[in-house]
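Consider the single chain below, provided in structure tokens and representing the form predicted on its own.
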């Protein structure tokens, strides 16, 4: 269903980013994915058609890393979809105790690096490319001790709202909700992962939005859990909240 699409996914070495790469490639898309851990990227692409997947080990938090990604992305341009799935958690402590260095680092990875990478990718995007930001429940409504992770995801939502007002193509925010990923396990070590959806469970909305000419209005916000079990090729996307 995605055989005519070129898709770039950040954070493809684990969790939701890894599942996005695998699902998009399985649907025939040409996928470029990046992450800092080359070993994780190699695990992601095991069993996939390697002619359809390009891995780019790079730290998008650095200018050099972003430039590497943009250079390699020329191989799949024009790019039809970009999914910003990379992110940093940071410490879970009250704001009064939040370390300054971590404050800057988490905001930089979750917001600034997304923006700066988008600027580099803009010349490589199709004129109506779809941009998807992976948000968070705590980015929609702040929660104690989630610190800069919550603040930065809220800021990412704001960035997507502005972009939706400027960009000719569709721009979406998707909140995965609690999902059984390594980051979730780090954030909630006492939680039983068996009680959470797996990354594969929350893919329907990500698949749907990656199609050519998605029907959802640009600027809509989605909760991925609302689409668990849905057929990604027939489900309507219109339950999102329009923003901007």
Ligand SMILES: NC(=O)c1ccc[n+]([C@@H]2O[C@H](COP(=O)([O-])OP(=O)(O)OC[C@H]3O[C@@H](n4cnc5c(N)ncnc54)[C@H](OP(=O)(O)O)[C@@H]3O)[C@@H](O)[C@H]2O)c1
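Positions refer to the first chain, counted from 1. Everything numeric in this text was worked out from a predicted model, so none of it was measured.
There is another form of the same protein, the form predicted together with the ligand; it is not shown, and what comes next is about it.
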Assert contact residue (the ligand, in the model of the complex, non-hydrogen atom within 4.5 Å, options 54, 207, 70, 58) equals 58
Please identify, from 128 to 136, 72 to 80, 93 to 101, 164 to 172, the stretch that has a heavy atom within 4.5 Å of the ligand in the model of the complex.
128 to 136
If you check in the model of the complex, is residue 87 within 4.5 Å of the ligand, heavy atoms only?
yes
4.5 Å heavy atom contact, residue 48 to the ligand in the model of the complex:
no
Is residue 218 close to the ligand in the model of the complex, meaning a heavy atom pair under 4.5 Å apart or at it?
no
4.5 Å heavy atom contact, residue 63 to the ligand in the model of the complex:
no
Check each residue of 169 to 185 against the ligand in the model of the complex and list those with a heavy atom within 4.5 Å, in sequence order.
175, 176, 177, 178, 179, 181, 182, 183, 184
